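As structure tokens, one chain now follows by itself in the form predicted alone.
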Amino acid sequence: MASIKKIGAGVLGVAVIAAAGAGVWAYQTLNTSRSAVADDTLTLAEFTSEDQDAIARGEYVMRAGDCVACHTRGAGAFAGGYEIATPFGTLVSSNITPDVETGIGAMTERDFFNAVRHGQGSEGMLYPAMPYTAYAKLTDQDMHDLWDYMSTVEPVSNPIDENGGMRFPYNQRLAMAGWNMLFFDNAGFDGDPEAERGRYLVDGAGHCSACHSPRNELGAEMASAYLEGGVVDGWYAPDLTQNPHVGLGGSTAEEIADYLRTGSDGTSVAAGPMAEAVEHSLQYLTQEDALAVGSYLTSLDASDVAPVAPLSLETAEMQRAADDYEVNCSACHGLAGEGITGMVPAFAGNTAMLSNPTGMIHAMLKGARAPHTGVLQTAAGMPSFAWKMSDAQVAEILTYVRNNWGNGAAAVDPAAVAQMREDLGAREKIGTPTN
């Protein structure tokens, strides 16, 4: 009996220690004491900054953070409604105008800090599609300035059901507390934001890893594959490491800066979510900041993705694809895959397209548009070929361009094209039976 009591006491002791440890862990994850520097008296609807310097700095933080792109769809700037497809359902971006009823007008500055840096909003825990996991790195000054800027935004009444498209149990916001305990590093930037400006921008406001790092089955970024590429909303965000085969190993800091501020480095041209980021956000970076980002990215170690031997172009399928390419693609992309500088991406020497064909399939089925920027005024567009090409034809032509002009990549699977056609709701090729 005594031994049983000892065992019971031991189990209880372990349980108490585990509970205490979990409590400390939860406190560290959910702790918002960093927000104590913010005002907690005036709401956003009651406050309009008159500090023009702070407002200008705050607008720059907003641009660097790409806030307007993700919070604008139809109802006006920052009024929300932008749909974000996730493996767990569809999220809809919130209204972040100062409207009291449907926006963030009832938030105080401290509430705002809690939402942006800690993922704790007025409706409960936020989902990491809102990259508070990166914004946690923002300095107090950047946050104060951002608050000043948001006070100048025009209020818009636009009710949003943010997680109405999420499947159960993922629509339960409280579950995000557990997710945060597992995956959220609730800490500020661990260096000097000025001395390490590039890393601060990449890991903080720019939240580059949110798209350019793969995620695990619970939607958390895989730190072990930092910036090694990821799939976002049906597009592929390529490897940003110094891998020479699929990453930025052949790019200079200046070329990366050009891409950020114009949407093109002379070879690649931004499309999909990256085009939106360039158009609404990155083109507004100063040349100094863009170069800082480029310098940081060129300092990264290369991912371990090895080159792929080119497939033979002598097969019947590739000969057929060569003919299809000449008829349908060469007018813009060139007979030698050279593209049109600053407007149409080149295929020759374009490592961004070799790792994952998701973005290329998306562009073939739904079309794409380059960003409109102050430097490159002509935003070239690509039409959809869904009506004209079968799944097999799309796969063949993409396999052809990924294995020509010195490229080498795995063959594109027609089944992957078929799945994306279904996921995107793209039309079938004319004459294709639908039953």
Partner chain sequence: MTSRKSPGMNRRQALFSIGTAAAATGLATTGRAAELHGFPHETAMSADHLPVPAHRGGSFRILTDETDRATLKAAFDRLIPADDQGPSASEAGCLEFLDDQLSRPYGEGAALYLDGPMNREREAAIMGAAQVFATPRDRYAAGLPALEAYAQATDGAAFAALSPDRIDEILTGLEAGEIDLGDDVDGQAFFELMLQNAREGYLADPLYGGNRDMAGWKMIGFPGARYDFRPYIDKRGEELNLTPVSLIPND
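Residue numbers count along the first chain shown, from 1. Predicted, not measured: the structure shown is a model, and the values here were computed from it.
We do not show the form predicted together with the partner chain, though everything after this point is about it.
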The partner chain contact at M382 in the predicted bound form, heavy atom, 4.5 Å: yes
4.5 angstroms heavy atom contact with the partner chain in the predicted bound form for H144: yes
F88: touches the partner chain in the predicted bound form, heavy atom cutoff 4.5 angstroms: no
Distance check, G406 to the partner chain in the predicted bound form, heavy atom within 4.5 Å: no
Contact stretch among 154-162, 76-84, 305-313, 284-292 - heavy atom within 4.5 Å of the partner chain in the predicted bound form: 284-292
Of D99, E228, E109, D203, the one that lies within 4.5 Å of the partner chain in the predicted bound form (heavy atoms): E109
Stretch 176-213: residues contacting the partner chain in the predicted bound form, 4.5 Å heavy atom cut-off: D192, P193, E194, R197, Y200, L201, A205
